[in-house]
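Presented as structure tokens, the chain that follows is alone, the form predicted on its own.
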Amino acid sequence: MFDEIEAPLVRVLEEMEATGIRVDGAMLEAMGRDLRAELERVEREIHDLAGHPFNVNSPQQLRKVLFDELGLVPSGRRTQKTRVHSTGQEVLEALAAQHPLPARVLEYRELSKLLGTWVEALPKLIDPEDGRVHTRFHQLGAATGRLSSSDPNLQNIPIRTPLGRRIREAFVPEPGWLFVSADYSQMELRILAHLSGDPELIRAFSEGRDIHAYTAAAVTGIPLEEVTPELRARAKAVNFGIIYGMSEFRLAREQGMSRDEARAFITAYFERYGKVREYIDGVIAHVARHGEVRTLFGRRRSFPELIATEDGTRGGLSRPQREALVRQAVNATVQGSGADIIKLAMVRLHARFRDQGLAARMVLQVHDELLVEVPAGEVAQVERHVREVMESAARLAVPLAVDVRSGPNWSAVH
């Protein structure tokens, strides 16, 4: 871990921090004007729906509008300190079924966060000498071994919303250069297949199947060609959720299912992927004996609180606390192995660029994705090297797959 991954990675990250990533400040300024106009429009809509102006950012005033004036029925969730009804995201999402105002408040908050956190903040962090933002990377910033980023945290820019994608458009390469993005495809599920040795998962990945459609068909017993988008979405939620200890309650809430349907789906999943259940149970038993888990490459994460005592208790933890730590322990073996693999790939790719005399340079890493800034004439070479290095970074029971794209900005390659 130290000699082959973490120590040589220091030099790689040092160069990435010094290089930075170019940001188009003028584009962000224009986006800021658009966002401020959009915020004003949404705020007017909220006031119209309420019947009068009020401070949308004030939880107290918002509670009065929602519960006293509009008479919406709260979910029952109250804040811990004041014991009044929460106006948090989950509560507003539930209330949106009763009235359009909560949905507009959620939209207002998203716009406001994007404007303040990114569109207005990023231009202030651009180095005037090179026009680039120089984030800091932290090798031990996350307990799982994943890299983290700060000043600014470029790993937190939203990707699933149109506005988040617009912000990524402002990240651009030097003139005459392009970005090449390389993203591991379903890496954690592939690692889970390897660690568990589950024959069904291994078969699906080895045959190049759509793993979510394959899971939906396997769990429900219907032919693969009859899997609906809704069923595939449920299977996708479970595929990824299993790694994080997804409960039937969460699956039901996210997929609009009843709890009985969610319970039946998860039960059927483990019946079909029995080795996954065995693997999870094995990790839980191991951490109860040893108080630690390890990744494929030997990275260790300690959980001393989970060591079982002679009377069967575990460190005086409450049940929710213990369950949360158990979920973290299982996830650490999978996500931590993924962190090891991409770090090793970064070390080897850095050496490959140097050995081949290429000017290409890594500028950003976000979980399973590497972003490389490349002279236009090197793109074909770099795409080939990136794929070769990343797909061979670890030998698993299933092939590692990498999606490689090139384009004129960060949004275009994602």
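C-alpha atoms forming the largest set that superposes within 1.5 Å between two forms make up the rigid core. The structure presented is a predicted model; accordingly, all values stated were derived computationally and were not measured. Quick note: we count residues from 1 along the sequence shown, nothing fancier.
The following text describes the form predicted in complex with the DNA, which does not appear among the structures shown.
Partner contact region in the model of the complex: 249-257, out of 212-220, 249-257, 273-281, 288-296, criterion any non-hydrogen atom within 4.5 Å of the DNA. Checking Ser302, Gln89, Thr267, Thr309 for any heavy atom within 4.5 Å of the DNA in the model of the complex turns up a single hit: Gln89. The contact residue chosen from Leu317, Ala143, Leu224, Ala233 relative to the DNA in the model of the complex is Ala143, the criterion being a non-hydrogen atom within 4.5 angstroms. For the marked spot (Asn57, Trp118 and Asp368), a heavy atom within 4.5 Å of the DNA in the model of the complex is present in each of the three residues. The closest heavy atom approach of Arg203 to the DNA in the model of the complex falls outside 4.5 Å. Contact check for Lys113: a non-hydrogen atom falls within 4.5 Å of the DNA in the model of the complex. For His47, no non-hydrogen atom is located within 4.5 Å of the DNA in the model of the complex, even though that partner is not displayed. In the model of the complex, the DNA lies farther than 4.5 Å from every heavy atom of Pro123. Taking a 4.5 Å heavy atom cutoff to the DNA in the model of the complex, the contacting residues in 324-343 are Arg327, Gln328, Asn331, Gln335. Core-superposed comparison between this form and the one not shown: the CA of Pro59 exceeds or equals a 2 Å shift.
In the model of the complex, the CA atoms of Glu93 and Ala324 move farther apart by at least 3 angstroms compared with the shown structure.
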